[in-house]
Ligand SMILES: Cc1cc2nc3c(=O)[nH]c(=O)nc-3n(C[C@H](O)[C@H](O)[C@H](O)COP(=O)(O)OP(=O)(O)OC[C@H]3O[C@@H](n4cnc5c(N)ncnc54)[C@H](O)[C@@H]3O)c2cc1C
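Just one chain is shown here, as structure tokens, and it is the form predicted on its own.
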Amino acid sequence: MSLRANNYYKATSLDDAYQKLKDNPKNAIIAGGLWMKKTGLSYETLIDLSELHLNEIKVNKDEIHVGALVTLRDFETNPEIKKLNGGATSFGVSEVVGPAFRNTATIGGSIFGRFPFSDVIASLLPLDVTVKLYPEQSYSLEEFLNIKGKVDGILTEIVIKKEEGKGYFHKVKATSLDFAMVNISISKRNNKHYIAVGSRPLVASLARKAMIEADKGDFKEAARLAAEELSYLDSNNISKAYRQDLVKVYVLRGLEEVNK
């Protein structure tokens, strides 16, 4: 598939980009453009943000600020990111296709698309992540994923709270380049458990009932609940029931791993 557009526009500021975006419902922001290309859709104008310095990772004492145009490869290899969640967040992003793809795909594009198969979203969801948009909007990642319909705004950065913790990420896939049949992402920080299940084939969600049981130490019950409280569907390569069986197995393994 190819990415088709009548015009290409390089924005000079976020306000400039936003006004151009609002000009026509068929205008769109282009980040890496890889997922857009796969849709095969056509656009009136593609808006380029590359001059707006959104490709930087900035770290302070408490937070990591990740610009929307940071590539997945730069994200996964960043030393501060590799410290997060016992390395599980970096590892989860490294599971996206191959290095050549991750050198172009961006954090902003991967999150803004709210793709059901996203390893990036699943990797980040168990952490304390804030999504920032222009004009001034701020959501937790969970809130952002639950916005109904089209998001009005331009994703500019995500902010990750730095916390000590242990993590686990597992992607069930047929081959190394396939989309996930299911992905499991777990974080244990401040003695609390956070469990995300993605590619159900719906977008990743936190299994909140399972998290409560995990905090009590009942990991088998937590795994059972994770497979039941969220919605699962059949798809071409895997049944709903098999997805749920996989979730039971890997949530249990993940909880045991982060509690060693």
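Residue numbers run from 1 along the displayed sequence. Model, not experiment: these values are computed from the prediction.
From this point on, the text means the form predicted in complex with this ligand, which you will not see here.
Although the partner is absent from the chain shown here, I30, G108 and S118 each have a heavy atom within 4.5 Å of this ligand in the model of the complex.
Remark: F179 counts among the residues lining this ligand in the model of the complex, judged by a heavy atom distance of 4.5 Å or less. At least one heavy atom of M36 is located within 4.5 Å of this ligand in the model of the complex.
Although the partner is absent from this view, T104 contacts this ligand in the model of the complex, with a non-hydrogen atom inside 4.5 angstroms. This ligand in the model of the complex is approached by V97, whose closest heavy atom lies within 4.5 angstroms of it.
The stretch among 184 to 192, 80 to 88, 135 to 143, 150 to 158 whose residues place heavy atoms within 4.5 Å of this ligand in the model of the complex is 150 to 158. In terms of contact with this ligand in the model of the complex, the residue from L230, A68, A214, A196 that brings a heavy atom within 4.5 Å is A68. Residues in 223 to 260 all lack a heavy atom within 4.5 Å of this ligand in the model of the complex.
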